[in-house]
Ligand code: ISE
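The chain that follows stands alone, in the form predicted alone, written as structure tokens.
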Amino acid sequence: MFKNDVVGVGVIGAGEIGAVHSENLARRTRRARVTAVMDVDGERAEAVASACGARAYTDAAALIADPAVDALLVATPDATHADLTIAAIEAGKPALCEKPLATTAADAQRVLRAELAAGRRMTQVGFMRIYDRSHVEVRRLLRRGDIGRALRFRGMHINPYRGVTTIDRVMVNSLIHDIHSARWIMDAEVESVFARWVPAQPDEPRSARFASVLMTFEGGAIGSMDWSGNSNYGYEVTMEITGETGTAGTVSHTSPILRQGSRISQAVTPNWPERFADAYIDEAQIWIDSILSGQPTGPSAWDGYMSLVVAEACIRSTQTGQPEMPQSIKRPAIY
């Protein structure tokens, strides 16, 4: 099926994350080759494609139809994810779709229906934290029983300033990562959420500077997620599990601790490309290996859908001021 056992990947979207994926696939992923790059900005598409030795497109449909493209990586704006992923499924080409799978649970359901019609899993969603070494180790400790049954999940997602955003976008675009991490680590669906936030600007009540979500899980455990849109110091993502017999958590930073001049200090990761650089590389390799083996792994379209179901419950909670329950369809057998 694949020429010389190498997967030809078409990257749709040559922005910041698309460029990261293109570089990783072209330079750091075995048995993968970037054969095409598409962006509505022709100059940007040409620049990324040229660096990868690929063909440049400004039309997604043309890239998807290219016979040199065996699989697709979708890294376009969020609102286009569902339609492009469905187009990949209908073309019979596996896709790694950046998070979120869609901007609404209803649109994510359309992706599920497309996969059900195809009769197989073809989509992986870009929740790359499950490939972060420290996250993987915490999950391994928990599964091995080192800290007993999980009682509490705590996630922290701290960002440098990247402009004013809304609480709705925080849930769907940013905390969506933490929602998936919680489901993955706890191995349980979220049963209820209660969300609160601090506006970034007093005259824009739906703007967001800081947000906090309390959760309950099926099985009785509880959880919380904190998000900041302007740390004033850098980027930080951590996760901690409290168990019956101990606690396990990820590290905040991997930089060395410096003791000098009557001070102890540690450099903070500036942003996500540096913090999760290795996770993105591992994500790409595992995706390519799964395509070649015919055995889908990683976050599925169902994970993308359920994360949006929880995000929408969080949004409803910000509107009602009350705890809300996620409302989902029955899980299809292929997931």
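Don't overthink the numbering: it's just position in the shown sequence, from 1. Computed from a predicted structure; not experimentally measured.
There is also a form predicted in complex with the named molecule; it is not shown, and the following applies to it.
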Open item on the list: Whether 152, 192 and 217 jointly form a contact site for the named molecule in the predicted bound form is the question; each needs a heavy atom within 4.5 Å.
Closed with: no
Open item on the list: Whether residue 235 contacts the named molecule in the predicted bound form should be assessed with a 4.5 Å heavy atom distance threshold; does it?
Closed with: yes
- [ ] Verify the contact flag for residue 135: yes if a non-hydrogen atom of it lies within 4.5 Å of a non-hydrogen atom of the named molecule in the predicted bound form, no if not.
- [x] no
Open item on the list: I'd like to know if residue 177 sits close to the named molecule in the predicted bound form, meaning any non-hydrogen atom pair within 4.5 angstroms.
Closed with: yes
Open item on the list: Against the named molecule in the predicted bound form, would residue 128 count as a contact residue? Criterion: heavy atoms within 4.5 Å.
Closed with: yes
Open item on the list: Please identify the residue among 121, 93, 183, 157 with any heavy atom within 4.5 Å of the named molecule in the predicted bound form.
Closed with: 157
Open item on the list: Quick check on this chain: which one of 230, 109, 252, 173 has a heavy atom within 4.5 Å of the named molecule in the predicted bound form?
Closed with: 173
TODO: Heavy atoms, 4.5 Å, the named molecule in the predicted bound form: which of 157-165, 207-215, 243-251, 136-144 makes the cut? Say which one.
DONE: 157-165
- [ ] Sequence order please: the residues of 79-99 with a heavy atom within 4.5 Å of the named molecule in the predicted bound form.
- [x] 99
